[in-house]
Each structure stands twice: as structure tokens, then as C-alpha cells.
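This document starts with one chain, in the form predicted alone, laid out as C-alpha cells.
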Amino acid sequence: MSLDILKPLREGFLQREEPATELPTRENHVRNNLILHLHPSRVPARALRFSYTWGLGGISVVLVVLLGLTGLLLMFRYDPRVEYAYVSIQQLETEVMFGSFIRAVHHWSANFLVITTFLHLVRVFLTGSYKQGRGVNWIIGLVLFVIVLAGNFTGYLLPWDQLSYWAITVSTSLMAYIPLLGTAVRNFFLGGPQVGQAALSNFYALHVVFMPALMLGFLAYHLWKVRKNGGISQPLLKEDEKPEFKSTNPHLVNIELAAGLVVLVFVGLWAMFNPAPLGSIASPLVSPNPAKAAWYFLGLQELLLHMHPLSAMFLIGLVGVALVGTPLVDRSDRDIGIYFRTAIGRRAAVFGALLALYLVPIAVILDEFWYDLPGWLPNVHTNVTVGVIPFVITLLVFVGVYFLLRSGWLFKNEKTNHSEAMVGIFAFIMNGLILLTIVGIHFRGQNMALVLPF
């Protein structure tokens, strides 16, 4: 029997099978367009090294997505009224299926986001990644870090327990020290002179609408600007060195996917074994001892124990202005993408970090048990003894560390240049801030007295 009769059937079958092969091609096309919309088509091979970026930017994006998804789920059950806020959290913890887990993921993702964005900021500074026209994106990154802090701050009150109530009370009291507008700003956020229903409503609206909108807007611009600049910063090539590139898909995409899955697993396991804290219901009549701010503001609260609040505000503002202006005062592009700039810069960073490790604890102990300038100078106004003098001393320490690094006395007569000295003073300030935060968390007991944590 001839097989020619089967040809029409075979051809018809193959024609019917063709549309099935088009769908994966179309999906690949859409997926590649999405990837190339977020990334350049090719990335430098050296940019794929995990030890260069540590994946901190991508990890932060994953945490933002987790916060958004879990936050939407929590909104279905949370009631932003003083009478029901705490009860709704209790119901989430005890009655809603996976409610405790979702709240824990949201809580820890927010806390981890503060850490990862801070470390990302440190990484960008240490590699000089704000150079070669990237100064605007550096400023956007600083704004994003402030938004992360503000987002955590506005969400801190929502459980309406003792910890959150008094932490917000302590934190917002610092606003009153802002010159001229302090009290007005504080009353605007709280909706009055104290934490109550108006404050809870304001913080809820800020947390679920205003802060996410700001975050998404600035984050989208930040990522677009990175792509516009050709990807993350890289060291300049030598004259005879040719750049090596790899395709974004699959090389970069696979790394990002693996890092994202690791973050999801880590946060999920951490949330399973560490539920989000929930104390007793908030009471304005019973103040805990000590009453501390949120942990990411404890460095500032610790600073307030050693100088006038206005001086501390000016000091933090001065550091902020210095960070914003960093691209204007550090213009050398030769060391972009290189950790600590040079070997001397690495030694300057180690020196700055170790100096802070010694000076900050010693200064805290001396101020706690010995230093008493108001008692030594009873005829001088306390604004001078508690405010002006500590502020000037702190500035002189910063300036002294900078010029000590530039002098050449530290590294066998090898003088550090301006950029390397900036790395040293940055390491000194950041490590000092971390140490003050650790002291505030673990070494302050009742009446904010200095105690041992064990």
C-alpha cells in the first residue's frame, strides 16, 4: 500500500503543531524586552563579581517587593483606630491563618532593608561610584535611604503597643528642637501635641500611601539612572586593556534570580523562628523605663545624652550636607570602582574605623562618669557648656582626623591624597555612628544609665 495517501495528513498535523512552537518564542521575546528595559544588553564581566557589589542593591529591591506584598495583605485585617489597632494585631497573630508569619516577614524585611540600604550606601562611597556623572544618582540614593528610615518610622506606631507608642513619643519629641519650625512640624505629623488617634491616622496614611509612592518613584528613577549610566561603576581600563562584556541574559539574570531566592528563603526562615514583637497595649499613663526610640534612631538618641539636642541636630545635618556634596569635592575619576581608592586609602579606612572604635567608647564612659562641664563652669550658660563646646569639640575631632591622615605621619611618610583622606574620615564617622547605636541598644538601662548587658 502506498504511503502517499498519508502525506496530506502529515502536512496538516505539522501545520497544526506550528502555533505551539510560537508561544515560547513570544514569551522569550517579552521576557527579554522586560530584562533589557531594566538592564543594559551587556554588562562588564567584572561587574558580575559578587564581592564587588555584594548584591546589596538587588537584595534591597527584593526586600521592597516583600514589604509591598506583605503590607497589602496586612491592610485587609488592620484597623487604624486607637480602640481596635492593637486588637487587630492580636487577631492577626492568633486567629488569621499565616497572619503571624506575614506580619513577621513584613517586620523583618523593613528592619533588614535599613541595614542593606545603609551597607549599599557605604559600598558606593568606598568604591567612589558617585563619580563620572553619577553624582545625581548618589543623591537619589541618599534620599531613598531617608525614605526607608521614614517608612520604618511611620510603620513603627501602627501596632499600638507600649514599645511603639513610647518610641514614637521619644522620637517625635526630637522634632521640637528643629529651629523655628520644630514644634509646628511635630504637631503636623502627630495631629496635635501628643500621640493619639490623629497621630495614628496620619502615620497610617503616610505609611501605606505616601511613603510607598515616594519609594517607588525614586527607586524607579534610581534604577533607570543606573542603566542610563551603562550599569554599575567599574574601574577605568588601562590603555592596552580591552573591555570584556557578557550578555545580561543569562549571566546577570541568573545571579539576580539566585540572590533573590536566597533572600526569600532567609527572610522566611528568620520570620518563622523570630515572630514580630508585640508588647502590652499602649498606655500614655505608664512610661517604660528606659523609653527608647526605634533602634535605627538610637545612635541619635545616644548623641543627645552627650550634647544639646540642637547641637546634635546641627551635627547630623552637617554630616548629611557633607554626604550630599561629596561628588563636588571628590572629582578624581582615576580611582572609580576601586575599593578604598588605593592601598593607602585602605589603610586610611582601617585607621579611621579603629580610631572610632577606641575614641567613641572612651568618650561615652568619660562623659558618663567624669566629664561635667556644667559643674566645672557654673557661671557659663548651659547652652554653651552642653551645646556649643561639645559641638565644636566634635568638629575639631573630624578636622583633626582629616589633617592627620593628610600629614603623612601615619604611613611611613606616605601622604594620603584628598580622596583617600575622605575615605578615612568616612570610616571614622560611620563606625562612630554604629558604635553609638550599639551603646544605645545594649548598654543603656533604667533612666538611660550606662550598664553592662550581661
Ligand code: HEM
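Residue indices: 1-based, along the sequence shown. Keep in mind it's a predicted model, so treat the numbers as computed, not measured.
Separately, the form predicted in complex with the named molecule exists; it is not shown, and the next lines address it.
**Student:** Residues V124, L144 and L219 are flagged as a possible site; in the model of the complex, is every one of them within 4.5 Å of the named molecule by some non-hydrogen atom?
**Tutor:** Yes: V124, L144 and L219 each sit within 4.5 Å of the named molecule in the model of the complex.
**Student:** Given a 4.5 Å cut-off on heavy atoms, tell me which of 131 to 139, 87 to 95, 263 to 271, 179 to 187 is the interface stretch with the named molecule in the model of the complex.
**Tutor:** That would be 131 to 139.
**Student:** Just to be sure I understand the contacts: of S233, S164, Q301, S109, which is the one whose heavy atoms reach within 4.5 angstroms of the named molecule in the model of the complex?
**Tutor:** So the residue touching the named molecule in the model of the complex, by this definition, is S233.
**Student:** Among L354, A150, L223, I281, which has at least one heavy atom within 4.5 Å of the named molecule in the model of the complex?
**Tutor:** That would be L223.
**Student:** So in the model of the complex, is the named molecule close enough to M215 to count as touching (4.5 Å, heavy atoms)?
**Tutor:** Yes - in the model of the complex, heavy atoms of M215 and the named molecule come within 4.5 Å of each other.
**Student:** Answer with yes or no whether T53 is in contact with the named molecule in the model of the complex, where contact means some heavy atom within 4.5 Å.
**Tutor:** Output for T53 is yes: heavy atoms within 4.5 Å of the named molecule.
**Student:** Using a 4.5 Å heavy atom cut-off, state whether V64 contacts the named molecule in the model of the complex.
**Tutor:** Close contact exists here: in the model of the complex, V64 approaches the named molecule to within 4.5 Å, heavy atoms only.
**Student:** Is H120 a contact residue for the named molecule in the model of the complex, using a 4.5 Å heavy atom cut-off?
**Tutor:** H120: yes, in contact with the named molecule in the model of the complex.
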